[in-house]
Structures are given as C-alpha cells and as structure tokens.
Ligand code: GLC
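Only one chain is shown below, in structure tokens, and it's the form predicted on its own.
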Amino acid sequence: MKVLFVTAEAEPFAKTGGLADVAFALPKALHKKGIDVRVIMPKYGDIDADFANKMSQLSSFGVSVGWRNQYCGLEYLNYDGIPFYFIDNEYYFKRPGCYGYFDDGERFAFFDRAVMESVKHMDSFEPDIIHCNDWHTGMIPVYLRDVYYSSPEFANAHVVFTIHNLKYQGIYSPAVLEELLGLNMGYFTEEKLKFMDCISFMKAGIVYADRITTVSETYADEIKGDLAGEGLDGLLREKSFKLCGIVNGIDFERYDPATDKNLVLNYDRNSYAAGKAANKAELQRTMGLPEEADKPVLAVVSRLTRQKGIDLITCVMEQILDTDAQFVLLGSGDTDYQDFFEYYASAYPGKVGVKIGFDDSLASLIYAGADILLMPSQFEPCGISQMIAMRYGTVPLVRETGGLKDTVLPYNKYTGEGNGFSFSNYNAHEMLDIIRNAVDVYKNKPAFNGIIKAGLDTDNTWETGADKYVALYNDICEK
C-alpha cells in the first residue's frame, strides 16, 4: 500500500495548529504498520535552516497556474524514518507563516497542481491513496478526475479527504476556475464547486474525494447539522455514505513526561506524584505565583479566540478567582482577550499568571505542573491538548463537543470512573459549576488521584486511529 499524505503543514517543519501534529504522527504510525507513506507540503520560508540545509533537490519543473507556467522545485528530506517532500517556489512560499495572504487561493492552486506533477519525480512511487487534508488540498481530487485521469502514475489512485476544521473553507471568486486552476466554468454549479456565488476548495474535496473523514466521531455527526455545518451541512448529509469520523491520537514518544527535557523532574505512571509536585513548584515560580502545593493550578493553553470558549472564561473570571485555584494561561490571539488576561495578571499577582505568545517549553511545564486543564471550546473537531494533559497526569475539564466528548469521560463520584470533567451546554455558569466541582474533588486526594491514573492509562496513541485508516484505505482499493 502506497500513500501520499498531502498537507499544508507538518511538525516539526511548520505548525499553526493540530493539523501539523497529525501530519507527522499519523504517517509515523502508518509507517510502523508497513505502509509506504510519504508526506508532501510547501517549503515555507520559516522552515528552520537546519532542516532546509539538509534537503536535497530531486527535480525542478513547470507547473500550470491558469495561463502561466510557474517554477517548482521538489526537495526531499527523510525525517524520523518518514520521507518528506517539499514544494519549492519562493514567490508563493518564502513568506512568514503559512496562511493569511490575499493570494492564498493562487498559492494553494499552485500547490495542488504541483503535488500532482511531483509524483512523476518520486522514483516510481505510484500512490494507491492520496490522503488530502483540509481546504488547501481540496482541488487535488478534482485534478485527479479532470486532468490526470489518464496518467499512469495515478492509474490506481483514490482520494481520502480529511476535514480538520470545516470553518476554514478556501472560498474564492469563480474567476479562479479558469484563471488559476485551469478548469472550465462547468464546475461552477451547485452540484460541483459553487458555494454562495463563489467556489470552495473545501467543497471540492467533499464532492470529489472517494471517502471523507473527520478527526472525531462526534464532529462527523456535528458537521451534518446546521450549527457546525458552516453552510455545507446539506452536502455532508448527502455525502454521509462516504463520511466517517476517526479520532486523532498523539505521539506518545514525543509527549512523554519520562523523557521531556523541558521538565525539572521526569516521571512516569509510577512516579507521577513526585514528578508533578516538582514541576508544579517550578511552574508557580515561573509564572510568579506563590509555591503552594495544596492549591490547585487551573491552566489554559490555547489560542485566544471565541472558538476556544475564551469568552466563557472572561464572563466568570472573578468567580473563578473566588475558588481556591491559581490560574495560569499561555496563548495568543484576539487583542481584547490578550489585554483582558494581562490586566488580571497585574491585578491579581498572587492568583493569576499569564504569558502571551507561545512557548513549547512552557507548554510542557504547564502540562506537567498544572492540576486541571480548562478547554471550554465552542467547537473542537478533535483537540490534542486534552490528550497531552492526560499523558502528563493533568486532569482535563472540557465542554462536550467534537473530539473533547470522544476522549474525555466525565468523573462519576459514585463509581469513581472517569478521566476528566465535562459540561454540556455552551454556558459560562455551567462551566463555572464544573470548575467548582473539580476544585472540590481536588481536595479529595484519593478521588483526584484516581482521575489522574485513569488519564495516564487512557490509550490516546495513534495505534487505533492508524488501524482504522489502514482498514479504510484497503476498503477503498478493494472496491
């Protein structure tokens, strides 16, 4: 089985969100199962020079972008046993960051066409599966059917299209069909790519892929409804016969408190009490909080956006601080939220510690040193922070949506079962009630340690998810 995994970002080369984690961890898990999997992505200007200097150029060729013929270099690097290919074009990709440019439609039209052309230069690699991810890759299944259907490299190729976040759809003027994509206006229909008088790269992937997956079972159900369907719920209900949810995992080798160099004391399941105590003290020192071992530390590691439920926290921040908990936050996003938390850090120096921005080493310390991780997301296709938290012995407190609902079993005080806390409705006071409950349970050390151990024992590896993807790939090829 040969799989070409196409992504706009991948760890450790470029990351803006969870897609990057999946684009490394899933291929790694598939490789261990004997799949010949190769990852292809843009060569961004931000890729660390240590990686860029180790890449070797395999080929260069022209790529059609409408009426233009643009340069494309194909570069290669084997990282941790996984072959990575990089699409090189400095005009499109030698910029800070990955997205957010006025010409993103053109950039990823080029990228999708370049991926198809690149297969011709991959040393007799003829994919059985082209695994596309999110809107940036949505035109690949269209190209496979319209342009490359007779190419021998794609004689046995089928497309899996994974939706990581339906909110971002790649919506552009219909003019890009001919001007950038080299497709005819026959694609501008409701049955094909038309979406609200524009065209949608996301819709292209949904319509033309052989199978569609999302990153959790609950999210697969949610996007078929009007609240989470982002205008595509009707289409997704129509295509439900080829839609399924496969929950993400995390790389247990990367996220391992026993080996994490960012911790002051490493630990495993058998030594978590001492390990977490030492890292909690270090976290409190780092965030300027009193070193009080008996105070629960409530943590947020997140983008500061409404999607992440930050408005729920701001709504009841005073009441949260009335509990016995210290509050720490690491993240960046909307300026209003950043200003809000920086104000509270200055107004409550003994209760609140805030770091605006992102810092991998501090994130690890928070996962290891905090007692409770708060994730009150408005929607969350999968989420990995709750899984990392459990891996490090920190108890997640989440809203029951998407992958949060699929991975966090709420604590039952009567049976002792559960690996976290959860609340159902998108309501600040319902969240506050669960926070108060979690703080109360924290004081009951046997009960709270039982929740920690349940989290440590939860299998959030990619093992199960990779098996499901292998079964899906085989099913597509057999049919």
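A residue's number is simply how far along the shown sequence it sits, counting from 1. Computed from a prediction, not measured in an experiment: that's the story for all the values here.
Note that the form predicted together with this ligand isn't included here; everything after this is about it.
* To do: Have a look at K224, H164, K295, K351 for me and say which one sits with a heavy atom within 4.5 Å of this ligand in the model of the complex.
  => Spelling it out, the residue with a heavy atom inside the cut-off is H164.
* Asked: Pick from I388, C382, V159, A299: which has a non-hydrogen atom within 4.5 Å of this ligand in the model of the complex?
  -> Selected residue: C382.
* **One stretch from 193-201, 373-381, 282-290, 85-93 that, in the model of the complex, holds residues within 4.5 Å of this ligand by heavy atom** => That would be stretch 373-381.
* Asked: in the model of the complex, do N266, A368 and G455 all put a heavy atom within 4.5 Å of this ligand?
  -> So, no: the whole triplet misses this ligand.
* To do: Answer for S332 alone: is it within 4.5 Å of this ligand in the model of the complex, judged on heavy atom distances?
  => Answer no; every heavy atom of S332 is more than 4.5 Å from this ligand in the model of the complex.
* Is there any non-hydrogen atom of V22 lying within 4.5 Å of this ligand in the model of the complex? -> Yes.
* To do: Spell out, yes or no, whether the shortest heavy atom distance between Q326 and this ligand in the model of the complex is within 4.5 Å.
  => Contact check for Q326: no, nothing within 4.5 Å of this ligand in the model of the complex.
* 4.5 Å heavy atom contact, G465 to this ligand in the model of the complex -> Flag for G465 set to no.
* Though the partner is not shown here, which residues of 4-18 have a heavy atom within 4.5 Å of this ligand in the model of the complex? -> Just G18.
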